[in-house]
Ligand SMILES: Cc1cc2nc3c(=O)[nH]c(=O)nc-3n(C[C@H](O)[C@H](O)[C@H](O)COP(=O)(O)O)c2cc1C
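Quick setup: one chain, the form predicted on its own, written in structure tokens, and binding and motion questions come after.
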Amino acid sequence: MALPSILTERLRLPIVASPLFIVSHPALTLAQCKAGVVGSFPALNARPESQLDEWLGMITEDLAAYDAANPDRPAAPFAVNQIVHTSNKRLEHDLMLCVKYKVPIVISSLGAVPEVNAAVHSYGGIVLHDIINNRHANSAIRKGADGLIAVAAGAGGHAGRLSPFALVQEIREWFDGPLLLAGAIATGGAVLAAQAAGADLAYIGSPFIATEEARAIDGYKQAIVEGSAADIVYSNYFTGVHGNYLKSSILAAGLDPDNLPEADPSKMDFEAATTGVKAWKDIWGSGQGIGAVKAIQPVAKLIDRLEAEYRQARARLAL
């Protein structure tokens, strides 16, 4: 199946920037789009909920102005992440704003709901649903999602346990539509490897935390620069869903990263922690690929690096 044009025509690299809770906001999203990759942010980052209307208006107008001024190299499209779990009481409100502004791409998480897909399809948008196993992938497509984001082992935030090679292979046995791969992708070579494994695009998050445009505190950004795969802890303690977090932030919260208890998944609340510390705000999400991040820099320079590495990897393989 051919990829929808929205995932090919305006992209400098086959990359979708993942929506980073708290960290992603219009400045980061716009910088990503203008650098030639799909930019994104979680709807829940706009607080109060009325701010989402302002953000979507700002992004839509800014990208339209940029495209008019740069007809030879228009910006990539943007995406909004919608948490479909029942703990998100804003879903209906936020989804209607996506419809109002005709958000090109909606990334759905923590539940596949046909009504969400139908609302996005009503204006011609597409839905990419993130999953951690083949069963969830099947369910998402049956319920009307257009594409899948395979969140494999090593990804930041709510990550799965499966090898990217196993996960992509199983999905490709039955699904030939848009497939993105997440999991420790932080170099241009890793982007090419994702495609070689069978994915269409790479889904990248953690490197964007250490950018000038990211809405993260300096300590978080520096921890990404200084960290490596050995500094990542996989636990469900903080939200009820397993995810990858920076060990240094767990230690700073007075917790033992090597002895975190198991949480009750039935009490999962995306916005609340199971302790006095807050997931995402105090406990910092990160993927295992951060060893490739050497400095805090503008988004444009990060994309320049990824493009150079991508081209070098292709040349090494004579592609």
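What you see is a predicted model, and the numbers here were worked out from it, not measured in a lab. Residue indices: 1-based, along the sequence shown.
As for the form predicted together with the named molecule, it is not shown, yet the points below apply to it.
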>> Exactly one residue in Ala145, Ile185, Ala79, Leu167 has a non-hydrogen atom within 4.5 Å of the named molecule in the predicted bound form; which is it?
In response: Ile185
>> Please identify, from 93-101, 235-243, 203-211, 169-177, the stretch that has a heavy atom within 4.5 Å of the named molecule in the predicted bound form.
In response: 203-211
> Does the named molecule come within 4.5 Å of any heavy atom of Ala112 in the predicted bound form?
Replying inline: no
> Does the 4.5 Å heavy atom contact test between Ser286 and the named molecule in the predicted bound form come out positive?
Replying inline: yes
> Do Ala140 and the named molecule share at least one heavy atom pair within 4.5 Å in the predicted bound form?
Replying inline: no
> Quick one: is Gly157 in contact with the named molecule in the predicted bound form, heavy atoms, 4.5 Å cut-off?
Replying inline: yes
> Even though the chain is shown alone, can you say which residues of 13-36 have a heavy atom within 4.5 Å of the named molecule in the predicted bound form?
Replying inline: Ser18, Pro19, Leu20, Phe21
